[in-house]
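We begin with a single chain expressed as C-alpha cells, specifically the form predicted alone.
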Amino acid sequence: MAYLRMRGITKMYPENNVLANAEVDFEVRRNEIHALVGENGAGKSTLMKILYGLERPDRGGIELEGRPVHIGSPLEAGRLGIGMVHQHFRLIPDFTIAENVVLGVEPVRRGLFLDREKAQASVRAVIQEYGFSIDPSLRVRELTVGQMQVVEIIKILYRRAQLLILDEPTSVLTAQQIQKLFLTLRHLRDIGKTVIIITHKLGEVKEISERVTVMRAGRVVAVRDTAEVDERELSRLMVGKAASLQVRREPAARGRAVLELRQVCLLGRGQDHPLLDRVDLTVHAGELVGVAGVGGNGLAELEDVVSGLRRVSSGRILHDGQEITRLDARELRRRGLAYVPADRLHRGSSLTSSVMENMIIASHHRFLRGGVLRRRQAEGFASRLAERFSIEGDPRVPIGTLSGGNIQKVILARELASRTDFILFSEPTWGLDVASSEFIYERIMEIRGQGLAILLLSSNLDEILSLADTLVVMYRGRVVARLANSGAVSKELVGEYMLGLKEDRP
C-alpha cells in the first residue's frame, strides 16, 4: 500500500488561465527517496505546495497511510507529519540555530518568555538523535550554506515530520556538501523517514532516488524505478526530446581586455573581514570568465559592484581601459553594460508590467515620439524578440504570469537587443529546467562567438565547467584560484577551493 497517495489533483489559476495540475495521480512508498522532476511550469511545485497546504486543489484528494486527509495549511501538514525544506532558506541570520528551529513552537517560561536553555537542550537532543554534528548555539550568519541546509532539515525533524519534501536542495551546494546531504537523506530513509526530492539535476536523480515521477505540462507522464532509466530517457520524458546539456565550446579567440578589476575591496558595516578582498579580475573580448563560489563568499557582492549597484571601498574598475569605478548602474548601461541578474523576479523584471514593457525598458527612447509611446512599434519589437528567443506568453500580459524560464528568456532577449561588448550573467539558470537551461547555454555560447566579453557568476559547478574558458574561485571574498578550463579541472578540485580547503593565492 502507498504511504502517500494523491488522486486526480487539479489546480487552475484563473487569473492567467494556467492549468498547473491536470488530474494528477502521485504515489510515494514508505521509506523511499522519491524524485519528482519536470520542466519549469510542469506542475511539480504546485503539486508539492498542495501537499504542504500552501495551495488548495480545485479537485482531487489526498490519502496518507490509506486514510483521506484534508491539508488546508502548512500547520495542518505539520500535524500530519509532513515537512518541507524550501529552495530559498527561511532562516533568520541573527538568531541562533536553536532559536530558528523552535520558532513558532517555542518553549516558554512563566507562560511568556522564551526558555533559551530548554530550546537549546531540545534542539541538541534532535541533533544527537539524527546523528548531525552542529552546535545549536551558533548564529545562522556564521554558518556555511551546507550547514544552513542541515538546519532547515533539523527544523522539520524537530516537528516530528515523517515525510520530508526538499525543493531543489542542492542548488547552492558544492560537490562535497551534496555528498554529505545525500548521506543524511539515506540515513533518514534507513531510520524510517520518507523523502520527496524536487530537482532538475538528472545525475542526482540517478544517484539518490529509488523511484522517479516525471511531470510535463501539468500531468504525470511517467513513473519509473530509477535503476531502470538513464538520464537521456528522463530528459526525453521531461521535455519531449533528448536534451543532454552538453555544450560545444570552441577554443576562445581572446581579444582586448574589456573589463578589469584591480585590487577591488568592498567593506561591509559590522563585518570582521572585507566582503571583497583585493579582487583582481580581467575579462577579454571573446572570453567567458566563470566565477564560482558558495553563497556568502563574495559572488553577490561582485555582482553588485560590477553592475554599479554598490560602490567599491577601494581599488579600480576599468572598461576598455577607461575608469568606470564611480559610475552608477544607469551610467554603466549607457556605456553598453548588459546585465542578467540572479534575482530575475525583483531586480531583473517588473512583475506587474507587461512582457513588452519589460522588453523595451532598456531602449524605450527608441519607441517614443514627442514623449508618447509608439505602441505598435514596441509590440512589434517585443513579438520579434519573443519569436527569436522562443518565449511562450502574450507580450501584453504581465511578465509575472510567465514561468521562470520564460521570464529569464525575456531578460536575456532585452539585454542582448542592446548594443554591448560586455555582459554580466549571475546564476543564469538558477531553478530552470533542462530545456530552458539548454536554450540559455546556446545563447551564451553564441554571443561569446560574436566576440562579447562575458562574466558568469554561478554556484552551479556543472554550468561553470561547461561554459567557462577561465575559471575563478572565490572564498571569503578573495580570489583563491584562477584556472584555465582545459577539461582537466574536476568538480572535486573546485569544491576544495570553494570550501577554503585549498588556495593558490593567484
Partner chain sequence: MEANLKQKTTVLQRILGMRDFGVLVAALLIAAFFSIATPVFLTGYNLFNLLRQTAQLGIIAMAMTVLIVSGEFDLSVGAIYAVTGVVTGLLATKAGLNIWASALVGVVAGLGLGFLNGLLIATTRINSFIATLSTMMVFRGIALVLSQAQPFSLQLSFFMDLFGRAELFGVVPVPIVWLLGWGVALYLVLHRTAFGVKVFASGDNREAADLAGIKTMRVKQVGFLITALAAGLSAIISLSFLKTVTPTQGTGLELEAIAASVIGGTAMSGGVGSILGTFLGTLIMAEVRTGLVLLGTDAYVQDAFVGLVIALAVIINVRLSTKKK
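Positions refer to the first chain, counted from 1. Predicted, not measured: the structure shown is a model, and the values here were computed from it.
This next part talks about the form predicted in complex with the partner chain, which is not shown.
Peer 1: Would you say all of L267, L318 and I324 touch the partner chain in the predicted bound form, counting a heavy atom within 4.5 Å as a touch?
Peer 2: Heavy-atom distance to the partner chain in the predicted bound form: none of the three under 4.5 Å.
Peer 1: What stretch, of 191 to 199, 222 to 230, 114 to 122, 383 to 391, brings heavy atoms to within 4.5 Å of the partner chain in the predicted bound form?
Peer 2: Among the listed stretches, the partner-contacting one is 114 to 122.
Peer 1: Find out whether any non-hydrogen atom of P93 is located within 4.5 angstroms of the partner chain in the predicted bound form, and reply yes or no.
Peer 2: Flag for P93 set to yes.
Peer 1: Just checking whether G203 would be counted as a contact of the partner chain in the predicted bound form - the rule being heavy atoms within 4.5 angstroms.
Peer 2: Close contact is absent here: in the predicted bound form, G203 is far from the partner chain, nothing within 4.5 Å, heavy atoms only.
Peer 1: Please check if P251 has a heavy atom lying within 4.5 Å of any heavy atom of the partner chain in the predicted bound form.
Peer 2: P251 lies outside the contact set for the partner chain.
Peer 1: Tell me, yes or no, whether E142 is in contact with the partner chain in the predicted bound form, where a contact means a heavy atom of each within 4.5 Å.
Peer 2: It does: once the partner chain is placed as it appears in the predicted bound form, E142 has a heavy atom within 4.5 Å of it.
Peer 1: Counting non-hydrogen atoms within 4.5 angstroms of the partner chain in the predicted bound form, say which of G255, P74, G131, G336 makes the cut.
Peer 2: Partner contact (heavy atom, 4.5 Å) among the options: P74.
Peer 1: Only one of V247, A217, L183, L103 has a non-hydrogen atom within 4.5 angstroms of the partner chain in the predicted bound form; which is it?
Peer 2: That would be L103.
Peer 1: Since the C-alpha distance between H88 and R311 changes by 3 Å or more in the predicted bound form, give its direction relative to the shown form: closer or farther.
Peer 2: Their C-alpha distance shrinks by at least 3 Å in the predicted bound form.
Peer 1: Shorter or longer C-alpha distance for H88 and R310 in the predicted bound form, given it differs from this form by 3 Å or more?
Peer 2: Those two alpha carbons end up closer in the predicted bound form.
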